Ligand code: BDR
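One chain follows as structure tokens, the form predicted alone.
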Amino acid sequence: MSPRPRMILDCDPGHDDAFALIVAAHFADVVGVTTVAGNAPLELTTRNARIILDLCGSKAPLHSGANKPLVQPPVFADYVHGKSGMDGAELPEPSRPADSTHAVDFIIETVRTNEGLWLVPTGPLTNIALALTRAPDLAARVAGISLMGGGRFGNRTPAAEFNIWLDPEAAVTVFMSGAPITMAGLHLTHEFQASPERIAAVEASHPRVGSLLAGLLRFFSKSYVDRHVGFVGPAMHDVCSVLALTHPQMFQTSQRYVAVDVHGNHTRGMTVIDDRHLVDRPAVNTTMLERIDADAGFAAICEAVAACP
């Protein structure tokens, strides 16, 4: 395992964001969590983030942020995550609300006073884009941005993955910022599925928290298996962006140039990945996660769950 990275996790929980939070709390130094509207409305993603932080015993500050994309109206993924954003278990009430509603201010101030942090956005990139627009110097101060989004195919549309599709203008700002980017796209995250056996292992990892998380995963699994051909469980997208920093040995990567389309009738929100073998092509701006050791990844998830209080 790599030395503990220091990070701000920007999320929209969401079942897979919940596991990203738990893994980050165990294997990384989480200096803060920020929330954005995405899988569910902002008030729900913030509530869900606090519940998960409570479950894993994290004292990281929590700040809510953007309640809609930069340009287009909000769209939520309740058809995947349920009305609460994390349906599937009788979760406890959150211990308290967010520490503030100023996530963008928190990101700017924290990065400026703690150079070398990672930003880990696992939802739409709205908060990160707003921070980079107001404070372009952040791009040179962060260790990098490890994001979940995009890929060589889409899910919301044939070309566009949900996080990028929901706020492609924000994604353009992030990919063009000059910050080092690590990208977990669908072509990678679809390899990382929570099979029934892996869900059972999560359940067995902790006498109390394990059963709650297994309930979440079984709801999430039904959403995926019913809607996809050949899936044995849900793709655990967001955890990959954390594991890429805490367990980089689990991944095969490549270096690519990535742009985001905001204008196409059929390709709005598409991450255009330059896979050409030409000498004369744009300079690399992204470390692309290509393959994952899924068994090792789920072993890390179970270790993190077992460490919950």
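One-based numbering along the sequence shown. Only a predicted model underlies this, so the values are computations on that prediction, with no experimental measurement involved.
Although not depicted, the form predicted in complex with the ligand is the subject of the following passage.
> Does I199 reach the ligand in the model of the complex, with heavy atoms at most 4.5 Å apart?
Replying inline: Residue-level check for I199: no, no contact with the ligand.
> Looking in the model of the complex, any heavy atom of T46 within 4.5 Å of the ligand?
Replying inline: Although the ligand is absent here, T46 would stay clear of it in the model of the complex, with no heavy atoms inside 4.5 Å.
> So in the model of the complex, does any heavy atom of V104 sit within 4.5 Å of the ligand?
Replying inline: No, V104 is distant from the partner.
> So in the model of the complex, does any heavy atom of F175 sit within 4.5 Å of the ligand?
Replying inline: No, F175 is distant from the partner.
> Picking from 225 to 233, 148 to 156, 209 to 217, 92 to 100, which part of the chain touches the ligand in the model of the complex when contact means heavy atoms within 4.5 Å?
Replying inline: It is 148 to 156 that comes within 4.5 Å of the partner.
> Can you name the residues of 186 to 207 that have a heavy atom within 4.5 Å of the ligand in the model of the complex?
Replying inline: If the 4.5 Å heavy-atom criterion is applied to the ligand in the model of the complex, 186 to 207 yields only L186.
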